[in-house]
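Quick heads-up: it's one chain on its own, the form predicted alone, in structure tokens.
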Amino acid sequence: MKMKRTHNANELEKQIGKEVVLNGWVHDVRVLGGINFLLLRDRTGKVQVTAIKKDVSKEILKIYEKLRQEDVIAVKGKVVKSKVAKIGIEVVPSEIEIINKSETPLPLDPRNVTPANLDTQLNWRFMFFRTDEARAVFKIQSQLVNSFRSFCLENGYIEMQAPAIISSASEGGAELFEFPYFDKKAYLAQSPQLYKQMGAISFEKVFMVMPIFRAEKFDQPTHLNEIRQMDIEQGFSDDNDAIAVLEKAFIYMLESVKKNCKDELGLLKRDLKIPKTPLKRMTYTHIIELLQKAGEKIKWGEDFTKTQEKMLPKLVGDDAFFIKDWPTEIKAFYSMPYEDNPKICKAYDLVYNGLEISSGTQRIHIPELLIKQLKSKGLNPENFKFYIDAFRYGACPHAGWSIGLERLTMTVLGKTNIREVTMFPRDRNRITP
């Protein structure tokens, strides 16, 4: 590679009349004889490189004839105004270097002239990443996770790194990926739950972003076996305190995307509306009553189906709302039950556009109650000794929640399949690329 980049494609407006060097891919090329065009694409956008026969050397014209889509090139040339190019400027090349050739035919078209089906997009993930759609989706996802971090850091939370290798179930319900760990059995973490609680009773306010793994044999468009989770845990807090923080974080993240990803939202034709606050706090019992009145066959104590979840915004009258005070039996063992009614616990979900995107609870910080709840779920307290012991030495009341990054991205963008917004999705049938 002889010519190193001096500018990106989106930096040329102020370089009119000057010589620049661009590096990127051939997004498209047209060789017409008298006038030849190529679109050079880099991470910031595209720029037209125009070679008129009378204005360039024969060597340049010969190179145009060799170029194919997705060839990697360097271009040296002068930036000039253009009435033809979409962005109002173009580059007249004085030198073109072919850095690396692309094979043909391409497995999919990054121009999206012929849209690829989802399986092809997943099989050739790196190539799909070169489309405008993929760049928009994953820039928005990057904005979501970085705004979550910003919110936490601005509000005094410490970032934790929980282990992905654990010795026993974090939540009990979901199946675990088991593997040999020297002379022991170990599992991939289905949640950082036990560890972030230990952080909260020491540091008071902690957060983390980490992958979690669930060995459930789902074939649903809202589930994967590996996802990224954004978690908060905080001490001296109950469920209502944690709900208030979740509401603020959720709105902060949406506002950040709306402010910083206008072009990407426009490209994806997504009008992102920010829900009005405060968000409604609905009880589980009230939601059951609404579903029953709508003709749904559901009993108190049952979880909602995905179809029922999709019905809820219309029944509640809002796109985003909380469901709190869930049956203790269907929530995790660490969920704090109400003293006056132990059948209900201090758990809550955030539903957004008909999909649960976050869940949390006030946690049990009393060892004896924790042991009782473990046994009620058919779990052996001996397997959780290190966790239970953490609450024997001055554990404060605490609460927390998690947001699924991919599921939130899916909902923000109105996608129907979580695989569309996951860089390298893992499900029961896919382990590559």
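Everything numeric here is computed off the predicted structure, so don't read it as measured data. Just count from 1 along the sequence shown to find any residue number.
What follows is about the form predicted in complex with adenosine-5'-triphosphate (ATP), which we do not show.
Looking at G404, you'd find a heavy atom of it within 4.5 angstroms of adenosine-5'-triphosphate (ATP) in the predicted bound form. The closest non-hydrogen atom of Q143 lies beyond 4.5 Å of adenosine-5'-triphosphate (ATP) in the predicted bound form. Using a 4.5 angstroms limit between non-hydrogen atoms, S256 is distant from adenosine-5'-triphosphate (ATP) in the predicted bound form.
adenosine-5'-triphosphate (ATP) in the predicted bound form is approached by K306, whose closest heavy atom lies within 4.5 angstroms of it.
Only one segment in the set 273-281, 155-163, 130-138, 223-231 has any non-hydrogen atom within 4.5 angstroms of adenosine-5'-triphosphate (ATP) in the predicted bound form, and it is 223-231.
For the options E356, E247, D325, D318, the residue carrying a heavy atom within 4.5 angstroms of adenosine-5'-triphosphate (ATP) in the predicted bound form is E356. Proximity to adenosine-5'-triphosphate (ATP) in the predicted bound form, defined as a heavy atom within 4.5 Å, singles out one entry of V412, L12, L22, I418, which is I418.
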